[in-house]
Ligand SMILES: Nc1ncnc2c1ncn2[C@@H]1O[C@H](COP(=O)(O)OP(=O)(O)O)[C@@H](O)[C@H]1O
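Take a look at this single chain in structure tokens; it is the form predicted alone.
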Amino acid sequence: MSTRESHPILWTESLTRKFGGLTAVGDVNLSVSSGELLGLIGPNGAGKTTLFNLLMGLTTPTSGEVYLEGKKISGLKPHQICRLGMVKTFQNVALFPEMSVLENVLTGGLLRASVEEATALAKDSLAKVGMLEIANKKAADLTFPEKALVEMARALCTKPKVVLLDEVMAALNETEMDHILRLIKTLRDQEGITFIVIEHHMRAIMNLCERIVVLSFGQVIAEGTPLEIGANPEVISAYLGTDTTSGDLH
């Protein structure tokens, strides 16, 4: 059962980021409910990753604000935002190759715990993603799907309330993707974690998310249920680069 509540856990007000004359994110007003599974999609260059970086303090807004549980977090450093309960995974998984899986994951727990407590948190996080049996394996020897799950475990080790997943299913086959989808749903249902997911695999987004926000040229052009988004002419046009006025997004 969803733990989503009626009030937002995360929201933005007129969030904007300009790079010179280019508006990468323009006047975005985003509201995310607690426990929601929200998809963020759009063509390449739409501003999705820039928006994630603004939420996490990796990029400073030109204007606008970000709020987490009612607290203004725009202007804070990434580690401060992480301590408040929001964490981001990275598309290019950056594990410490010479360290073990367990050592990589416990680095996330050190944000708010001693080494001993972080180690216990790391083991628990690895168990949640089904990777505890490879805890002593060197990160350099992991397959890509294993790296993706270890990256997820490291995020969980920070005890997050909101997780931003940036292309976590890239380069996975359908079986591996289905495993990740089930894991995300389980973590939402059992832990009450809110997930915002950037993903190019439309099947994954449509099956996972309850609501989808579509960006194009830094602007929100649509939001709604997967069914509504899949039949939205403006979304189809943005993806196909045509004046398509009907059809489905697959």
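From a predicted model like this one, the values you see are computed outputs, not experimental measurements. All residue numbers are counted from 1 along the displayed sequence.
The form predicted together with the named molecule is left out here; the points below concern that form.
Query raised in the report: Which one, G47, P61, G35, G39, lies within 4.5 Å of the named molecule in the predicted complex by heavy atoms?
Result: It is G47.
**Report entry** the named molecule contact in the predicted complex: L227, any heavy atom under 4.5 Å
**Finding:** No - in the predicted complex, heavy atoms of L227 and the named molecule never come within 4.5 Å of each other.
Query - Non-hydrogen atom contact L10 with the named molecule in the predicted complex at 4.5 angstroms - result: Residue-level check for L10: no, no contact with the named molecule.
**Report entry** Proximity of A238 to the named molecule in the predicted complex, heavy atoms at 4.5 Å
**Finding:** Result no; A238 lies far from the named molecule in the predicted complex.
Query raised in the report: Do A24 and the named molecule come within 4.5 Å of each other in the predicted complex, heavy atoms counted?
Result: Yes.
Query raised in the report: Okay, which stretch from 26-34, 65-73, 47-55, 180-188 lines the named molecule in the predicted complex, with non-hydrogen atoms inside 4.5 Å?
Result: Comparing against the named molecule in the predicted complex, the contact stretch is 47-55.
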